[in-house]
Each structure stands twice: as structure tokens, then as C-alpha cells.
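Shown next as C-alpha cells: one chain only, the form predicted alone.
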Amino acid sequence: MLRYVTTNAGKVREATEYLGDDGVTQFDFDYTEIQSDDLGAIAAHGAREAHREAGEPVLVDDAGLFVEALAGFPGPYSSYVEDTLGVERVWRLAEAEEDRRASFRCVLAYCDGEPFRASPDPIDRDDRAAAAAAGADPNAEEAEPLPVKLFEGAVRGTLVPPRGEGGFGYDPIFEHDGATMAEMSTERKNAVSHRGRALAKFGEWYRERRAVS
């Protein structure tokens, strides 16, 4: 059974659309979210911690809004910025810029405690640096990170004044193909979303992995 580490049941439903009957359940686990400019490092650290807690295959995601004219801000700090500054303030920052291009990005991190035929994720070094900065024992288990497989998805768009009643987070100010994410139906949003694109890649790989296991 695959455990999707999230408090959002909607993410589990979306994952089920891509994984079908492969079995996905919600795992409400408050893993340590390290401070990093890299979504992959954050998700991989969470996946390793969640797997050690659950003892079963886990999937963790981390996502953010990256505004080109703001050097990628708010990026991995999107949730914190939404809670502290608010979505409309982010729009006002972007409004002052001539270039309002942005992208939603998502990284899924999978860990089941077993090695992969492909190389482990390329961010072990970042994880070790984060552990050292946090004062972790270099002889502890975290010094040899569990293999993690990463899957990335992104959708490009433009920031616009808030429109739409649906969605959540930055959806009202992110326009893709003529509509904001908040104006899209759930089906249309899932079809183009950064998380959906990452899930599509993961689903294809995961079915192959299960077939040979």
C-alpha cells in the first residue's frame, strides 16, 4: 500500500486518478520540513522521515509558485508567504514588474526503503549538508540517506489580478491558457496542473516497479 503523506484528501483523490487500483491511502504525518531553496531536497527529506515512521512505501510532495521577475520568489517558501503576506500582496509585487511570467512547480519524492535500478536521487549531498547544519549525528542513520526517487512537474503561466472563485492558494492570480487556475473546473485544472504532470510520470514508473517486484 502506498501512503501519500498529506493532510489534503484532494491530493489523494488526484493521485488515485493517475494510479488507478494500485492502492493509495492518506498518511497524516507531520514530517520535519527543512529550509532549502530546492523543492527536491525538502520532499526527499520528508519522504525518508515518513518512510521510517510508516515502514511502508510513501509519497511526499513539495510545490511552489516561482515568479521569474522576483528571482523565483516565493518558490519553496510559497506556503509561508501565503500565510504571512497573502496572495494579493504577492500579486502587487508582480504587478510592479514588466515581466509577469511565473510557473507552478511540484516535486514528488518516493521512498520504499529499497534500492532503485536507476541511480538514487541526486540530492544526497544536500541532505547531508542540511543534517549537519541541524546538528545531526554524522554516524546516525541519516548520514546514509535512504534512496529516494524524484518526479517533477511544472506548468507555466502569467500572474494577473485575482479572478475566479475556485481553487486555493495562488490559483486566483495564476493564468494559464487564458484562464486562472481558480476559474478552471477541477477536471481541467488537474489535467494541466504541476502536481498532475508529476503524478503522471510517477504513475508510469510506479506501475513498472510494482510489476517487477
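Rigid core (definition): largest C-alpha set, two forms, superposition within 1.5 Å. Note that residue numbering begins at 1 and tracks the sequence as displayed. All figures in this text were calculated on a predicted structure; none of them were measured in a lab.
A second form of this protein, the form predicted together with ligand IMP, is not displayed here; the remarks below concern that form.
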{"property": "In the model of the complex, Phe29 touching ligand IMP (heavy atom, 4.5 Å)", "result": "no"}
{"property": "Interface membership of Glu33, ligand IMP in the model of the complex, 4.5 Å heavy atom rule", "result": "yes"}
{"property": "In the model of the complex, Val58 touching ligand IMP (heavy atom, 4.5 Å)", "result": "no"}
{"property": "4.5 angstroms heavy atom contact with ligand IMP in the model of the complex for Arg197", "result": "no"}
{"property": "Interface residues of 162 to 178 toward ligand IMP, as seen in the model of the complex [heavy atoms, 4.5 Å]", "result": "Phe168, Gly169, Tyr170, Asp171"}
{"property": "C-alpha of Ala200 off by 2 Å or more between the shown form and the other one on rigid core", "result": "no"}
